[in-house]
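Heads up, the chain shows up twice below as structure tokens, two forms, tagged structure 1 and structure 2.
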Structure 1
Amino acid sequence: MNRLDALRGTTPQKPHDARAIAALAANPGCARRALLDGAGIDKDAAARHLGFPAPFGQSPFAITRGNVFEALVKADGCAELLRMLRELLGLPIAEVAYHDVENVGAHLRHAHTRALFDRAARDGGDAGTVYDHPLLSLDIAGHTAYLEPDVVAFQLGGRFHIVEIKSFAVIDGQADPSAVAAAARQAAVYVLALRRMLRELGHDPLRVAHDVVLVCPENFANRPVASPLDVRRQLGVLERQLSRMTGLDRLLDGLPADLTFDLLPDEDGLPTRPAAELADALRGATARYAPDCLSACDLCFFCRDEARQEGATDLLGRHVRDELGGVASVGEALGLADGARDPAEGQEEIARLLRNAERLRRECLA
């Protein structure tokens, strides 16, 4: 951990939130991201200082709409939510207990959440129980991240379900795939955090269902609709990435001993380190850029610019990059395709495929 602290330097550690943890599952092969997150580097501050700010965040209109929709779903002790759960899961709930954990002081919320879930897991039974705004925690590279989600944990018959409330619309039964994927990654963070909490309390973590309930507005109205969302794949990727972050020694061993990502903030917290020097330091850690990073990582524009300068095949997307395994740049791929470049050892098969593709392209153009 001392090496991670040295990477961060005098820059205050940035706590992880659910969005940042969910983004880990979006690009698990990026060593640069793993190191920055492991050290608790503020990637947004670094990107802005480098001149590559990422325009993340919702508009005030979207935030207001989301708050109004969430209030509608949770009104009257989550009455609307319970109606949807009965329809979706076929749960014959006669009486439901409602606990709003947010009403407890912030410093007590985590302990209160643990006590509530411990009691529910021990009692079991068929009575439904809703937990609003539970405070969960997750260990990230030796640091504890506290998650304050606007989610509901629903318990019935000893099984816990995460309910994720989002304001993007489901139109004719379909929603934006990228928005659903982001919601699945974020919900997986909550499922994993709740499972680890139950394990620490001595209960079976699999009592937390991997089927998340996603609640969104239906069509162009504010009427909510609930859909099941299986997050097993996202859970697997997230667990592998978190395990990778707890064992960063291999990545750290490959870095120069004096490398640091310190922003050298002044008394007002503004970075003072020369931007060119910080950029050189970041290039000391290998990135694995993909177009998907544009919606998940604060350093996306910096890494995209780096990939453009190198002419990397990463710019073409993960599918193309994986198909061109062993071919690092677009120029190298074109050289193999037109025969101007001889294939290196291990590139014979991909060179043959590229040359066939180039031959077909010329025949089509002719």
Structure 2
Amino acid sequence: MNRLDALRGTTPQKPHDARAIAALAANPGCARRALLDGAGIDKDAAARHLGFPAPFGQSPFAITRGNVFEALVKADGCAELLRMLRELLGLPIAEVAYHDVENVGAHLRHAHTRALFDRAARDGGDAGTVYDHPLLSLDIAGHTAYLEPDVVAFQLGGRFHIVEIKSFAVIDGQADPSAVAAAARQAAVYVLALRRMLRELGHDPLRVAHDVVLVCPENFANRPVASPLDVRRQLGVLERQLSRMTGLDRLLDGLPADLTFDLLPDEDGLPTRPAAELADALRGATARYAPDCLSACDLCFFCRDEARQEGATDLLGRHVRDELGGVASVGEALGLADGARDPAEGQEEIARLLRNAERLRRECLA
């Protein structure tokens, strides 16, 4: 058994989805997260078991809206989608062949997808144009994650485009930048997975365009509009992060040999491991809490609690921490400010600034 599997123990592996893979890059410096993700541990379940359930949820209205919009884009043989691809990519009229990969049973879908794309890459235009819900795969630290893009479009001229359907609105040509950024990160995962598939099949991976097609509702209506989205940067970040995930051995070397994050699930899948023991095990892997974790990682409340107990300046955000020149604890920073503590070597400058700031605050608030 390799060490990552030992970390997971008897807990079933949690498969990664595109959003989770995209989020790997959210806090690259965190060893705790890298290990948990690398071992395929269900962080959400772990957080719940620790008594710190993640503050995430999805409204049924948002889910319905997303489903309705995707159905609309694909309705009637992808009529709306074909219109947009014709406008955006100059798709010729003859190219309308549609493959609903989801018509194939789940266990065959990946193989079917491979066969379809192999044929498309070999035979060119005759093979198909719109592939609905193909199933791709990507290797994450030795585990295979299966991924399902909304649509892959294949175009005369031999290029594949990932189509990402999102239900946030584009209003007067503008969309919520954070929503677009998230869509780009996610689409990059699909581009990478499809490129790797083509390479394995012996085709040129660069036939997958780095411009993905983002389809969103326009203004306040349901009418879809497509825009090209360049995901080269996101691809770069993702590839770098994935290559680091293969370097987990280094992280593991520093940990006790018997360390495990096993939840010890019973027959019903409910964790039986004492929560305190699990918490201790997790603390064995260093975290790097930042307030951004609150929107990106299931363990955020656990790690925030830990940071609070340690009185870590991380709690206030990267910005504050940077400004403090890396002084890691609240007590230390305040000690430097009121002169109760002598600066260590290299801290002279920040200590001087803090003492000055403290003097000014006192003077103004007197």
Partner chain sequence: MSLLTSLARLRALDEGIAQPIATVRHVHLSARPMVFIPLKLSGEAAAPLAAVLGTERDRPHLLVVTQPRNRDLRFAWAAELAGLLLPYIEGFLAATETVERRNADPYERALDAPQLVLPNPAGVAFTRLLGRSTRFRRADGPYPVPASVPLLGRWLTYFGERAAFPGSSLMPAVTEELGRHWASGQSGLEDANLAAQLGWITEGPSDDAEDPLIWPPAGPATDPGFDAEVLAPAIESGSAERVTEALRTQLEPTWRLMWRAIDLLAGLPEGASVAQRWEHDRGSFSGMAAQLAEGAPPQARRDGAVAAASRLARLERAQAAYEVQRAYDDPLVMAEHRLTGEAFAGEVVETDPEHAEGEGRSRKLRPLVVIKTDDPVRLAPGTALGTPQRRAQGAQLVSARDGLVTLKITKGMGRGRTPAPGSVPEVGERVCYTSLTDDFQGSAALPEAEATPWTHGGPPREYEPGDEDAREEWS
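Counting starts at 1 with the first residue of structure 1 and goes up one by one along its sequence. Please read these numbers as outputs of a predicted model, since none were measured by experiment. Take the two forms, superpose them, and find the largest set of C-alpha atoms that agree within 1.5 Å; that set is the rigid core.
**Q** Name the structure that matches the description of the form predicted alone.
**A** The form predicted alone is the one given as structure 1; the other form is structure 2.
**Q** Would you say residue 46 moves between the two structures, meaning its CA shifts by 2 Å or more once the core is fitted?
**A** Shift at residue 46: below 2 Å after core fit.
**Q** Does the distance between the two CA positions of residue 312 reach 2 Å or more between the two structures, the core being superposed?
**A** Yes, the C-alpha position differs by at least 2 Å between the two structures.
**Q** Is the C-alpha displacement of residue 332 equal to or greater than 2 Å between the two structures once the rigid core has been superposed?
**A** Yes, its C-alpha moves 2 Å or more.
**Q** What does the CA of residue 361 shift by between the two structures after fitting on the core? Give it in Å to one decimal.
**A** A shift of 8.3 Å at the C-alpha.
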